[in-house]
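In structure tokens, one chain follows: the form predicted alone.
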């Protein structure tokens, strides 16, 4: 039986401020917490899982980037059996695409429900990153790049790669360097201020101002890669996020009076792995990241919607340069006009089309394998009207963009009513 709609019926996110290693807690502890909370929010019990499993109507999809290094554990699809015996026998597997790992898990879950194979899908994305020092963690993240050429022997390779993106954006921009960097500082400050409304954000207690974000090269805001400074970077985060997805048949039978959000469109495109090749290939396009743009166009087309129909945006601001590039990719403007969008205040929390009301990766946090699921959860919560503390107005449709590596893997989901 095929299902034309895939519904979001609930989910949960851990507090991204926490350091689980300092608490003496491991990967089983974070999975147990997010699963128990996610099922409670979805009004699904472990008995329900067992009943569905007897009929082979439930499956688990796990997103994680590199737990083999961070927590020295592989075979992460099977790890949920350590959380609860209700998961014995439930089909479960781990999916990986760097920072887009849990978007791959979401894509697989959505496809399985749409095809009619399952009625319920539990999607969990997670990463424990504070198990190692920052230099070691930076080396681990280098596995998401073309390691031999872009990361081997290089400290903190990703700030350098996205610093190159910032330099390329400036090269193609009509702005001078000072105004361009002011725009990046504005993006950073916006996301930090948004995070203060989010009770699960990593930086909700941190100080940030646009003046501080603009003070590049100072002792408190040193450069990390070409034009980028510390305030342009997303966070090293311990965290997990979970969503529960369901078929029309399940919703009609179990929640007949609910008006759940559902997946309206999706896009998935892969760019050349090498950042240098990305830039070479994009010379013939007006977009610096044409594959990112195409994934968004694909999602709009599948949803039969357009940029004008979107009320909220969650984008992958691993660095301010990636959010800047996303402005034209989403359709806010043509490439080169991004500064006008920021000047007009469209993307502010109280603007017409807010970006990252959650705080994004810069403000909320970036547990690499959990980011896609967290973004999906936040868009779904906005559409459902349950984004406590940071709910935007009149939200009928939302879109998320999750990228892996240096915008190699590009995933987009549109959720609406």
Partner chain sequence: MKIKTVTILGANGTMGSNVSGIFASFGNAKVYMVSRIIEDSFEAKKKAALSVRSEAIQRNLIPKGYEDLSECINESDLIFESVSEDFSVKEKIIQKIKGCLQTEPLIATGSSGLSIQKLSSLLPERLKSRFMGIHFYNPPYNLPACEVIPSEYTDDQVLEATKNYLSGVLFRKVIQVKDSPAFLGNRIGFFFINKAMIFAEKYKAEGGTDYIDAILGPFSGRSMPPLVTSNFVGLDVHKAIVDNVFLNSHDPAIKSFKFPAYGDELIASGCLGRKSGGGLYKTITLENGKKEIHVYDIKDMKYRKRRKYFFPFSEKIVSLLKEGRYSDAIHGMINSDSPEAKICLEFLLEYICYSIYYSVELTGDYHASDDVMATGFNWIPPLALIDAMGGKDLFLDVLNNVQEVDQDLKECFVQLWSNIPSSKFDYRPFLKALN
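Positions refer to the first chain, counted from 1. These figures come from a predicted structure and were not determined experimentally.
The protein also exists as the form predicted in complex with the partner chain; that form is not presented, and the subsequent description refers to it.
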| property | result |
| --- | --- |
| The single option of 84, 186, 268, 212 touching the partner chain in the predicted bound form, heavy atom within 4.5 Å | 212 |
| Which of 374-382, 22-30, 349-357, 46-54 lines the interface with the partner chain in the predicted bound form (heavy atom within 4.5 Å) | 22-30 |
| Joint contact, 164, 182 and 366 to the partner chain in the predicted bound form, by non-hydrogen atom at 4.5 Å | no |
| 4.5 Å heavy atom contact, residue 130 and the partner chain in the predicted bound form | no |
| Any non-hydrogen atom of residue 160 within 4.5 angstroms of the partner chain in the predicted bound form | no |
| Residue 206: touches the partner chain in the predicted bound form, heavy atom cutoff 4.5 angstroms | yes |
| Partner contact for residue 302 in the predicted bound form: the partner chain, 4.5 angstroms, heavy atom | no |
